[in-house]
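To begin, one chain is listed below as structure tokens, in the form predicted on its own.
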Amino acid sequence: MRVLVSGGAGFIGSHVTVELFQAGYDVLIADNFSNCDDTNYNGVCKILGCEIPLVRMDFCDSAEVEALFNRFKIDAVIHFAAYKAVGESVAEPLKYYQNNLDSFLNILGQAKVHGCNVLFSSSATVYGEPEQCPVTEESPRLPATSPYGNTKQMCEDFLSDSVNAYDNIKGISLRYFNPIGAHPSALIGELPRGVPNNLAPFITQTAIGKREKLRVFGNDYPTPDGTCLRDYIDIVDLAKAHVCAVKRMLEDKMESPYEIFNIGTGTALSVLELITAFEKANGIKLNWEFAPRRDGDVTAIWADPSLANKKLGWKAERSIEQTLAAAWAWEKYICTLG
């Protein structure tokens, strides 16, 4: 069975590619490299000991997407080709709406033509500022706090409506919480361009000296230590959830044509707790300071992952110490590449 991984050269896509290949799937990566370079793709090939097929293309170009689906028989597609920074989406909403919506609509159009299963990379941002935590799949989708979160809600609706309208499409949305870490080999990981938007790479870049100081956005939230609470999920655990979901689709084990699963640990950590855990795991003291709140950030959100545990047969296994040690090993490896 061939699985197309759109955006497969990025942080999440590269880890999912490794797990899919090791599970026996024929994997095809397609990426326009707008938000990454060849580092993770090269790392994937080193880990697997072979060259994974790669197509350089833009999923916002409908003609290119059509050509891709006509060239390859694709049994399932996992869609990662989207912009993902909450803060940037607030500043550049049209950039996010155009890219994230057009790319997914083009994929759904070809899925309809070719009868392809679709796994959508969704996000806990679809829950907005939740009224109660942990959130379950039945928790209401409240108004998104950012255009990024809004695109995730809209794309979920695109997939749900398509599945209901066309009997040759099945779909699953995986709602991620906060993916962090790196592959244990330290050959692939999160490699943001410019100043990181996510906390973990900002921590590792500060630790190694690329950044003078880590900024913690907000210390006046109604949480135990005043900083935001999040559910940090190891990237390898997250990648394995995709394999379980693809298997469920391709083996016709879905209980309905469209399903949703939370992918998280079920444990909330504050920003300060994550910083402390990194310092403890790696024996490093970080230079950090408080900064004003950042637009689009919710106060607290963490998952109830019991549905994914039960239906997908998946569970987060790696400890936060393992995750942060892997993130630090990856940062040190990147520095050796120059």
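The first residue of the shown sequence is 1; numbering continues from there. These numbers come from a predicted model, not from an experiment.
The form predicted in complex with a small molecule exists for this protein as well; it is not shown, and the discussion that follows is about that form.
- Judged by heavy atoms within 4.5 Å of the small molecule in the predicted complex, the contact stretch among the candidates 82 to 90, 181 to 189, 241 to 249, 260 to 268 is 82 to 90.
- The candidate spot formed by Ala124, Phe217 and Arg230 is fully in contact with the small molecule in the predicted complex: every one of the three has a heavy atom within 4.5 Å.
- For the options Asp58, Glu279, Glu273, Asp297, the residue carrying a heavy atom within 4.5 angstroms of the small molecule in the predicted complex is Asp297.
- Interface residue among Asn197, Thr136, Gln205, Gln98 relative to the small molecule in the predicted complex, by the heavy atom within 4.5 Å criterion: Asn197.
- Tyr148 belongs to the set of residues with a heavy atom inside 4.5 Å of the small molecule in the predicted complex.
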